[in-house]
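Coming up, as structure tokens: structure 1 and structure 2, two forms of one and the same protein chain.
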Structure 1
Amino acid sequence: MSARREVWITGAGLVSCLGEGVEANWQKLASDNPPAAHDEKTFAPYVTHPLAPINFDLQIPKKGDQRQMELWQRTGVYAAGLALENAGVKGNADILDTMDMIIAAGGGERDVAVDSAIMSGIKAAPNPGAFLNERLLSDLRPTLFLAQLPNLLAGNIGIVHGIVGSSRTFMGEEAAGVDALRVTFERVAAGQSNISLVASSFHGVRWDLLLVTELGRNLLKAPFKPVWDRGEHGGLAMADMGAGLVVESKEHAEKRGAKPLARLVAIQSDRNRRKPGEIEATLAAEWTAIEPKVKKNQAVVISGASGLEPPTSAEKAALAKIGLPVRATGSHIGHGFDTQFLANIAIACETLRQGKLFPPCGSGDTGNAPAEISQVAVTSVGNWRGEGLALIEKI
């Protein structure tokens, strides 16, 4: 059995309500008032984090390509392009021909006009079932339906950026993002892949998804509060975001002269039934698995806490026992489900480069950064299911 290979992150791309690019996002996080990027008016009384203005032409030059994508796909393709550019492989056909890809994504937007017409007309229809079938057959465009499929994000990334290696798409909200990176890490470490793109996008600032989420009374209502301080029930501030990471073996990166952003040391993924105490127990087990590799006097935590309860309080309690300085990005960029974990890995890479933490926001953001930050642990506690933990370190 061959030795496991060292795994590097060599590229990162991020777009969110704070702007585009990992460094630009980090600078906004480090500013005096980053929560100003939230919106309390468009979908009042609900708080959202809409995508900052982006010139999609910069990463998706063909208007025809843009037209056949909805916002969530354009966002993902754009973030993937930023990651490829950051890694120095964009447009390099020799590398892109062998690059693998794992995507974490849910479905896309619905046709609002069709939905509204059906909901209005079905009440007066003498035969509601027949009415529904007729309208679905005549009103839904096949191209619209196909464009919303999660694996079309991988297809569009491949078309626009020229990636033609193997492709996988994971679904499953926050856990999908964790497992997309975990599987990539294991494949690269085992020698089954030399270089891979891990990417995700989420468009949460749209009426249909807000409606579905609020049916469970899970949305954050104005006024805005940090994720740690949203009360007994908590609430999600839905977000738009896209993230991409280029992950490759040390040998492959060195051969092409790439500079690493970070070493991916370990990644854990698990789930439980969410009975009292189980979230804390799962996070404790994941921490125990990586703890021997942690330099506690040089490490910090970037949390993916959603703001929903009881998961947020459970994570807060588990992190208090670990005792490292903590910062939660959800207070600044909102919650992006499948994309949140990969976005936080990108922010963690920039934290290592900057060598400092952004200011605290809320009661769960605790501790001061050590004099030297050489490691970042990134958490992911799903709004419904799935716990994840990764450790990256400076090279």
Structure 2
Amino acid sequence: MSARREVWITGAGLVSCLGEGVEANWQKLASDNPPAAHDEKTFAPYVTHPLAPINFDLQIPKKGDQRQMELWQRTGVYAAGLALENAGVKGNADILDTMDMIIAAGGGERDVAVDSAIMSGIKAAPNPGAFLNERLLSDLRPTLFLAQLPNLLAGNIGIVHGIVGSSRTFMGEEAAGVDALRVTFERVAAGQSNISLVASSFHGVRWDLLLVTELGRNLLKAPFKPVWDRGEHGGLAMADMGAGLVVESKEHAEKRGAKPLARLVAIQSDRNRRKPGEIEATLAAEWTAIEPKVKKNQAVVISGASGLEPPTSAEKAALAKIGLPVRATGSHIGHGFDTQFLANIAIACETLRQGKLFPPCGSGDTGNAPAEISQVAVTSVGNWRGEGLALIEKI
């Protein structure tokens, strides 16, 4: 085996309730005090973080392509385009031809009108089975299936932006986002890939996903509170967001004269059965693995805490032991499941560039930024399973 290669992040794209672009999101975070970009009315009593208005034409020029996608896919394709643009590879057919891609995605939105009509009509139907078949066959739009399949986010990124090296889609909420970046990091470090896009999108501000989340009694009800302070059971504020990162070997980036946003130093992912104390133990073990590489007087933490309990308190306890300054993005941009971790890596890259932290919000946002920020640790404690930790640093 050849020696491990250095891995750089050379592009980042982000869209959220705060707007589009990593820098714009960061500026909003810096002034979002108290947090304001949430909606308590549309899905009352639940708190949501709907996507800021986006002109999709800017990254998805063909209306025909936009029509083939629902919001989930459009958001992801848009964020991927921002990341490619930021990395300076957008439209570069030579690079895109061999570029790899790992996507973290669940599924797209259902047609709630069709579903509602079927649920409403089934009781009166003389033959319920035949009724279901007939309604589905005549009411489902053929293109909707393609707008729902998780791997079709990758498919659409390929079609719109021209990435055709390879694509793989990981499913499984927050852990999928962490593993998408981890596997990419390891592949690039080992020479199995030279340049990859890691991207994700989540459209949580919709009834069908509110439903599956509330089956676990997990939605945040108004009034809004910071993720750290949502009471005994906590609550998730469902969000819309899309994030993309271009990850490549130092060698590949230097050859094409790309400027790095950050070096990806380490990334850990693991799981446990979530018995009391297990989240803290997994995070502590992940921290121990990366600790030798941490410059403690120049490092801060960007947390992906979801607001759900007990995971959020467990993370808070684990971070208190580590002792670095902490900021959670969830209080501002809501919770975006598969996408939160990659969004936070993008925000961490911008934190390195700004050299500052955005203001604290809630009891777990502790500490002040050191005089120089050269490293950011990014956490991901899944709302249900999966714990991840990454370390990036300034180059």
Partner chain sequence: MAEYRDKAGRPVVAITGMGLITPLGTGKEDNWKKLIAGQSGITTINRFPIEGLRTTIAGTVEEGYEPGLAPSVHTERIAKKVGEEAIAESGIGSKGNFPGPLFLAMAPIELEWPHRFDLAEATGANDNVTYADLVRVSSQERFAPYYEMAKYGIVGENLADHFGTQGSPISLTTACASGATAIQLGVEAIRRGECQAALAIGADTSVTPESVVRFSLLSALSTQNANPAEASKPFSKNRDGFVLAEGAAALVLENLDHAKARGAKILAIIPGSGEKSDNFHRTRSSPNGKPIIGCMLNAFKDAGITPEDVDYINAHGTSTPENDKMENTGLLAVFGERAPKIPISSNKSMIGHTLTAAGAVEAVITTMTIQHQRIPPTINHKIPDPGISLDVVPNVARDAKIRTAISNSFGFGGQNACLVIAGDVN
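Under this definition, the rigid core comprises the largest set of C-alpha atoms superposing within 1.5 Å between the forms. Please note that residue numbering is based on structure 1, beginning with 1 at the start of its sequence. Note that the structure is predicted; figures quoted are calculated from it, not measured.
K.L.:
Tell me which of the two structures is the form predicted on its own, please.
P.N.:
Structure 1 is the matching one, since it is the form predicted on its own.
K.L.:
Aligning on the core only, does the CA of Arg110 end up 2 angstroms or more away between structure 1 and structure 2?
P.N.:
No, Arg110 moves less than 2 Å.
K.L.:
At a 2 Å cut-off on C-alpha positions, does Arg135 qualify as shifted between structure 1 and structure 2 after fitting the rigid core?
P.N.:
After core superposition, the C-alpha of Arg135 moves 2 Å or more between structure 1 and structure 2.
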